[in-house]
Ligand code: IPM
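Encoded as structure tokens, the following chain is the form predicted alone, with no partner shown.
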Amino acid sequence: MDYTAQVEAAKAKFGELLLSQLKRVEDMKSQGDFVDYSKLDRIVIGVCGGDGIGPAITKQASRIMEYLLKDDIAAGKIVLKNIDGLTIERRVAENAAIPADVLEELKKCDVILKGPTTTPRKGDPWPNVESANVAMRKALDLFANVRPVRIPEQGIDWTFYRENTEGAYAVGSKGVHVTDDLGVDFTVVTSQGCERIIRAAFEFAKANGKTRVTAVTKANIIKTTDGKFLDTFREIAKEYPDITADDWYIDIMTAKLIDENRRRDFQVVVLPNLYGDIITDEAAEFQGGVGTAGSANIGKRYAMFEAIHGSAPRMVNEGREKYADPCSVIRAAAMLIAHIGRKTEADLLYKALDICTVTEKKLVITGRDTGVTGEEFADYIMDTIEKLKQVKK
């Protein structure tokens, strides 16, 4: 059978894909370096509550940031800026994933703490507007998805740096059905994409006293794309002689996270997109599931930190938003504080969260009036931080 026509059609589609990716490479080449927060006279933190329970829980995280960073705020070195308008009602009214004026305000910030936002599904009362999260990642070029997993009593303190824009997901909807019997998908990496995610992982390690960065690939089999990722990792590692760099294949890495003797060794892990998606879900199970962790999306110019659960409109409809658990967005605030170089304050918040949610647990949030409110729990966290400060003295 002559497949010439099918092959030529596939080649044409592949050519279009290559041109689009080469344009993306040129755009990345024109970018500057990562922001050095230590050199900024003032850091602007945007606090964007979102919708549903978002404003209620983000308010509590903002209160804790104000408390922890009060000296820098008083000195004018840090500014907290509230940004309203990222609600489903506004987005639907303007048929925009992010209203234009809201995006303009976000771009005036250096880092952003974001509450949950509603993304309509089929059957919802809202029209199908694009996810605000996806739109924000695109608009601010937030290429690094960062997720920490901390369980001190098990010796687990992991931070995963997942590449957010390349790999198998970059062109996941642009595969080719050459014939009814043959389908081909593509995985894409670029030198620039590898370099910026890997350097972000090492810079995080350097800024936060971490001593090990681990790359995860399948470079023994996926030799071109995973090979480029691993080669780039090894070259960049030479610039950080005080940090141990090693690499594992994705299959054995998933096993070693379960190994009680080995998993304590891992600290910062950097991965291509698909592997990062899989392994961060596995890792989150150790601390109670994917809804328990804060998350970050980081670029060279901007960074956004968020809770990874939904907006829970039912709680709002039932008047229960004040009982919503703010811990995930408070963990996101801890990540934000660490990201801007305030390691001491971030460590205090992490320790207080561990005490309040795992070891001591004097107060319990149930999502209803059978438990405490988010405000009461935030007060508990700040009281615990104050006690930790006194012990340290």
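Whichever C-alpha set is largest while still superposing within 1.5 Å between the two forms counts as the rigid core. So that there is no doubt, residue numbering starts at 1 and follows the sequence shown. Only a predicted model underlies this, so the values are computations on that prediction, with no experimental measurement involved.
The form predicted in complex with 3-isopropylmalic acid (IPM) is left out here; the points below concern that form.
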Exercise. Given that the partner is absent here, state which listed stretch (103-111, 161-169, 248-256, 314-322) has heavy atoms within 4.5 Å of 3-isopropylmalic acid (IPM) in the predicted complex.
Key: 161-169
Practice problem: Would you mind picking the one in 157, 195, 72, 277 that has a heavy atom within 4.5 Å of 3-isopropylmalic acid (IPM) in the predicted complex? | Solution: 277
Quiz prompt | Contact residue in the predicted complex, chosen from 220, 131, 211, 191 - any heavy atom within 4.5 Å of 3-isopropylmalic acid (IPM) | solution = 131
Quiz item: Counting only non-hydrogen atoms and a 4.5 angstroms cut-off, does residue 228 reach 3-isopropylmalic acid (IPM) in the predicted complex?
Solution: no
Quiz item: residue 90: heavy atom within 4.5 Å of 3-isopropylmalic acid (IPM) in the predicted complex?
Solution: no
Quiz item: Heavy atom to heavy atom, is residue 199 within 4.5 Å of 3-isopropylmalic acid (IPM) in the predicted complex?
Solution: no
Quiz item: With the partner left out of view, is residue 300 within 4.5 angstroms of 3-isopropylmalic acid (IPM) in the predicted complex by any non-hydrogen atom?
Solution: no
Quiz prompt | 328, 342 and 351 each touching 3-isopropylmalic acid (IPM) in the predicted complex (heavy atom, 4.5 Å) | solution = no
Practice problem: Scan 135-161 and write down, in order along the chain, each residue with a heavy atom lying within 4.5 Å of 3-isopropylmalic acid (IPM) in the predicted complex. | Solution: 137, 147
Exercise. Align both forms on the core first, then report whether residue 302 has a C-alpha shift of 2 Å or more between this form and the one not shown.
Key: no
Quiz prompt | Exceeds or equals 2 Å, Cα of residue 91 between this form and the one not shown, core fit | solution = no
Quiz item: Is residue 145 among the residues whose Cα moves by 2 Å or more between this form and the one not shown after superposition of the rigid core?
Solution: no
